[in-house]
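A single chain, nothing else alongside it, follows as structure tokens in the form predicted alone.
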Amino acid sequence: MQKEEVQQGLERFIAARTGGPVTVSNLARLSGGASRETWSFDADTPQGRIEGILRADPVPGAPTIPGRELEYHLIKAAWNAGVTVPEPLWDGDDTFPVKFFVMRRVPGETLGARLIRGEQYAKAREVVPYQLARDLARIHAIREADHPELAGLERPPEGKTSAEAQLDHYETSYRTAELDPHPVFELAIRWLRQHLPPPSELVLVHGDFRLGNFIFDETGVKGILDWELAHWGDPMEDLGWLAVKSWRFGGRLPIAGVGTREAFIEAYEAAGGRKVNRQHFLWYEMFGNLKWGVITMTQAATYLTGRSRSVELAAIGRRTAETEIVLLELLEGRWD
């Protein structure tokens, strides 16, 4: 959408909800990928200033997972459950030709390396693991029975556990990437097949819960972001993904680079999270490293086959070897 169209549309949309008139200023499109448009703005209303974010599909009818309407309901359910998320303000209507919603803007930082190295974030590094554990426990407490508006989220196919379904998906992605063989991935897939965890109760899984996907400041976590991969699944999936080595951004400790597994597990359980089976957790950490490795490989394939000339995809494709080294370490029992 064009900037003038967004400004005028936002002024009409917000005015109808605040008793207008409304003036929108400081409107700027933020980076956020091709699957959505994200606009930051300030709106002066009869009720005061709103510092907001507009999230919208890029074009009418664009297939997005989840769709903008479902993303709004996800964030609203999380907000109502006490999760640290930006406040969802309004779901969209027909103001724009695309699906959209508006939420409150949260100030802070998202770059993981800055949390790990920034002197100003020393206090945040102490509290972030406990805050993440609390938020994850609250996410996993959200039940489909209480939220029929979330029924459209993906779930494992009938007759398969969440772990089986996830492993099937990424093994298929690996085998269809049309690149060189990766014996380490073959070994990891075999190990994961042989050690599948038992079925678990399906809960709301964030799907991309990691350093880089939450806003933080000097006091810690300020907002959990990036709900695009949310689904009904095994809660341990989120725990294992958070511990993937690539998401530590050079930090020495496994949980977001700043926390230990045991302290995080204790905090998660104390906050009402599921009782954690350590082997179950480690299975998902192994799977998470394989998953990221397959993603780097498929993004490289997108570049190498000419489907995209993105230098970012090419650069990410060079990281496949990093995940193979980590997987070999994990297969040897070296869980740092």
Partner chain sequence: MQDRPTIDELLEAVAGYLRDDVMPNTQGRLSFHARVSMNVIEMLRRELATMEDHLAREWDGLDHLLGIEPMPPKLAAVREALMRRNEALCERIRKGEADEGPWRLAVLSHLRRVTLDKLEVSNPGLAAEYREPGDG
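We call the rigid core whatever largest set of C-alpha positions still superposes within 1.5 Å between the two forms. As the structure is a computational prediction, the values presented were derived from the model and not from experiment. Residue numbers count along the first chain shown, from 1.
In what follows, reference is made to the form predicted together with the partner chain, a form of this protein that is not presented.
- Residue heavy atoms within 4.5 Å of the partner chain in the model of the complex occur in exactly one stretch of 50-58, 295-303, 23-31, 277-285, and that stretch is 23-31.
- Using a 4.5 angstroms limit between non-hydrogen atoms, Arg175 touches the partner chain in the model of the complex.
- Using a 4.5 angstroms limit between non-hydrogen atoms, Lys3 is distant from the partner chain in the model of the complex.
- In the model of the complex, at least one heavy atom of Leu328 sits within 4.5 Å of a heavy atom of the partner chain.
- The closest non-hydrogen atom of Lys245 lies within 4.5 Å of the partner chain in the model of the complex.
- Contact check for His182, Leu187 and Glu312: all three have a heavy atom within 4.5 Å of the partner chain in the model of the complex.
- Annotation for Arg278: C-alpha shift under 2 angstroms between the shown form and the other one, rigid core superposed.
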